[in-house]
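Okay, here we've got a single chain as C-alpha cells, the form predicted on its own, with questions on binding and movement later.
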Amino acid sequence: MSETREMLREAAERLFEKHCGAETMHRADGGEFPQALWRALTEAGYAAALVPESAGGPGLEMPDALSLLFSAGRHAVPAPLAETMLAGWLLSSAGLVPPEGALAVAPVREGDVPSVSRECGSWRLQGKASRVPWAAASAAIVVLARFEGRNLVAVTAPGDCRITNGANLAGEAREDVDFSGARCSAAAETLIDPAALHALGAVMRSAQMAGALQSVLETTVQYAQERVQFGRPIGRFQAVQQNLAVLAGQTAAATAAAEAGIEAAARDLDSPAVAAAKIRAGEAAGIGAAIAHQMHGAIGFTQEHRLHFSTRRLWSWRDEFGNEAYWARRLGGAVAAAGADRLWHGITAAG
C-alpha cells in the first residue's frame, strides 16, 4: 500500500468515526440527508477525489482515491460519496468542472442510455433512467447521453426532471428519473462509454462491499466473544468458530478481489479483474451477511444494533452496477471471444 493511500485511509477512518455515529445513521435511515457529514467530506476533498488538479480537485491517482471507499463501506456512510466521485470523474473526462454539492450519475443500469438534442441553441435531455442513487437530493445530475452516435456528458438540475421516489433495501435513495426535455446547464463530448461508466461503478461498489464485510466480521467476532451461552462465550463452540472462519475467508477474498479490481481499473476498465471483483464481492456479501445474522440472532435486525446498517447495504450493493450473474456473463463472453489459445494467458495476466 502506498504512503498516500495509507494516509488517506487513516484520515478517512477518523472522519467517519466522528460523523457516522448512531444518531447520524438513524436519521439517515429515516430519509434525512446528513448535512454535517457531507460538509466534512467536501472539506476533506473526498467528494472530489477523482477530479484532477486542473479542474479544482486533489489530483489523486485512481487507486488511491478509490481506496477511500473501503473505509466508507466499513462505516456504512449514508451519503453519495461514491456517486459524487464517479460524477466528478465523468465530468473531468469531458473537460467540465464539477459543480459544488452532492452529485448523482445516470445511467446506472445497462440499457438506460438517455439522449440529448439541440433545441434553440440549448441542449435538452430525453429518455429515462431507473434506480438513480440520490437523484432528488443532489445539486445536479450528471448524465452520460448519446448524441449523433457520440457520447456526451450533460449536467441538469433535479428540479428540471420528473423524479419518482424510491429506495434500496438499505434505505438509500434510488429514484427513477424522467428527463423529457430537461435543460442542460453544460454538455461536452467524452471518450467514456456506458460500459466504462458501469465498470467503474462496479469497482466502487466492490470496494464498499469489502469494507462493509470487514465491519461485519469485526462486529460478529466481538459478539461471539461477549455472548455467553451454556456458561461460556459462543465463540468457544467449534461450530461457531467454523462459521467465523468462513466469514473471515469471505471477507479476505472480497477485499483482495476489490483491491485487484481497483488496480486494474486504473489501467483498463475492460480488465477481467473488474468483473471478478464485483462477482467475488457480491458472492461474499451474501454468504457473509447470512453468517453474521445467524451468529447474532434477532438482535442483529433491531434498530439499536449497528449490524443491519452494513448487511442491508451488502444486500443492496451486490445488485447495483450489475450483479454476479451480469458480470459472470460479461467475463465469460470476453473469455469465449478471446478463444481457447488465449485462455491461459488471460488467467495468468489477471493474476
Partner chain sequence: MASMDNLRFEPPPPFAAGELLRAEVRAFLAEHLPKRSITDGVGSWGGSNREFSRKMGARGWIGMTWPKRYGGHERGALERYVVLEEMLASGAPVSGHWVADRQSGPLLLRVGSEEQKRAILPRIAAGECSFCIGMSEPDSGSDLASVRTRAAAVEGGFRVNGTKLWTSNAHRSEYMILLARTGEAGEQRHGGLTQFLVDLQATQGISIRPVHNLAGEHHFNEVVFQDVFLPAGNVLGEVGGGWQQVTSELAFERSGPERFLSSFTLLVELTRALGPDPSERGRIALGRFVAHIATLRRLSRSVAGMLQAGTNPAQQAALVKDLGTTLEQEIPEIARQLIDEEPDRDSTRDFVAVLARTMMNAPSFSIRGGTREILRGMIARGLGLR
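Between two forms, the rigid core is the largest collection of C-alphas that superpose within 1.5 Å. Remember, it's a predicted structure, so these values are computed and weren't measured experimentally. Numbering follows the first chain given and starts at 1.
The next section is about a form of this same protein that is not shown, the form predicted in complex with its partner chain.
A260 is the sole member of A266, A260, A136, L152 with a non-hydrogen atom within 4.5 Å of its partner chain in the predicted complex. Shown without its partner, this chain lists L169, V97, A157, A245 as candidates; in the predicted complex, only A245 has a non-hydrogen atom within 4.5 angstroms of its partner chain.
Note on the interface: of 76-84, 161-169, 212-220, 108-116, the segment with non-hydrogen atoms within 4.5 angstroms of its partner chain in the predicted complex is 212-220. Although the partner is absent from this view, S92 stays clear of its partner chain in the predicted complex, with no non-hydrogen atom inside 4.5 angstroms. Interface membership of G235, defined by any non-hydrogen atom within 4.5 Å of its partner chain in the predicted complex, is confirmed. In the predicted complex, no heavy atom of G21 sits within 4.5 Å of its partner chain.
Using a 4.5 angstroms limit between non-hydrogen atoms, V228 is distant from its partner chain in the predicted complex. Site residues A207, G286 and H293 are none of them in contact with its partner chain in the predicted complex, judged by any heavy atom within 4.5 Å. Applying a 4.5 Å heavy atom cutoff to its partner chain in the predicted complex picks out no residue from 292-310. A displacement of 2 angstroms or greater separates the C-alpha positions of A336 between this form and the one not shown, with the rigid core held in common.
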